[in-house]
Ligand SMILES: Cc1ncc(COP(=O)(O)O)c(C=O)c1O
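Okay, so here's just one chain, in structure tokens, the form predicted alone.
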């Protein structure tokens, strides 16, 4: 019983760190899950395109569930490689970006000490601990302007660096030129670009075109952020063929299921769907992101920080823990930032929503602030 309780306590800690836990929050609040506006997760608020729904239904009714996927995922690797203009041997699909982060961490642990910009995504630490990898954190400045892309502000002295572009949780987009300088001095650079396709003009800052030139570079992408289907679990890594061949040897067989493979093939082969979604999502980030930031700035006692992507950080001189809980009672979930080193209870992260929900969030925040200041 003690072991079981410890496991569930650890699970709850991970949920706090990740956000997006609508089911547990709905049970805790005693409400219907569909009544919640979940701004603790950062997902695009658009329905799945009809062709992708048909693809999933075809997979369910066809062979995707009846046969093992091709263990090498050759067709999917070729489709992704063609889209990014790299060789298929430099692509490895994974069970979401998280699985690939785990294998990147194994390489990182063998290369020396990792430096993790802080505040940052907790999963890098989780992955490094799997392999007893050493790491230190390097604090990022917590004030920045709204001109993106920005120059990466750290000059790490250690062997390995983990980059998130755009950065999570700050929303800063780093310039390609400033990141390339790291490749000339580090034994390994791991760049997580899961949110980059959502950033207006973000692809210009991608490190993928540099992978052929730098064998010490790993780029990790997600195929599900744009389409709000994180449950599908589909990501991919782009790196040297030798590195990815080793990962394939290390990992479990068939980590990517047949439905995910089918969805990925449809997206990459019919890339007009992907390009149209990118266009729609980037327009949403630009327009709604600007509106949300402007209105957050008007709230008394709140400092809203600029963001290039679909989430924004806010801070206050006072604790925002009760503020967040009061909003939850109004069926609005914001991201608790206490799990981000360098942040704490004075910070919250807000995932951009559709127009009507963004307005509900601002309205509810005004009401709570007015009540607090009575």
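Source: prediction; values computed, not measured. Positions refer to the first chain, counted from 1.
The protein also exists as the form predicted together with the named molecule; that form is not presented, and the subsequent description refers to it.
Judged by heavy atoms within 4.5 Å of the named molecule in the predicted complex, the contact stretch among the candidates 98-106, 201-209, 135-143, 249-257 is 98-106. Between the named molecule and the residues 174, 124, 227, 73, the one pair within 4.5 Å by heavy atoms in the predicted complex involves 124. Residue-level contacts in the predicted complex: of 84, 243, 158, 233, one residue has a heavy atom within 4.5 Å of the named molecule, and it is 233. With a 4.5 Å cutoff on heavy atoms, residue 168 counts as touching the named molecule in the predicted complex. Taking the partner from the other structure, the named molecule in the predicted complex has no heavy atom within 4.5 Å of any heavy atom of residue 262. Taking the partner from elsewhere, residue 239 is found to have every heavy atom lying beyond 4.5 Å of the named molecule in the predicted complex. Heavy atoms of residue 114 never reach within 4.5 Å of the named molecule in the predicted complex, leaving it off the interface.
Contacts with the named molecule in the predicted complex, taken as any heavy atom within 4.5 Å, map within 174-209 to 192, 194, 195.
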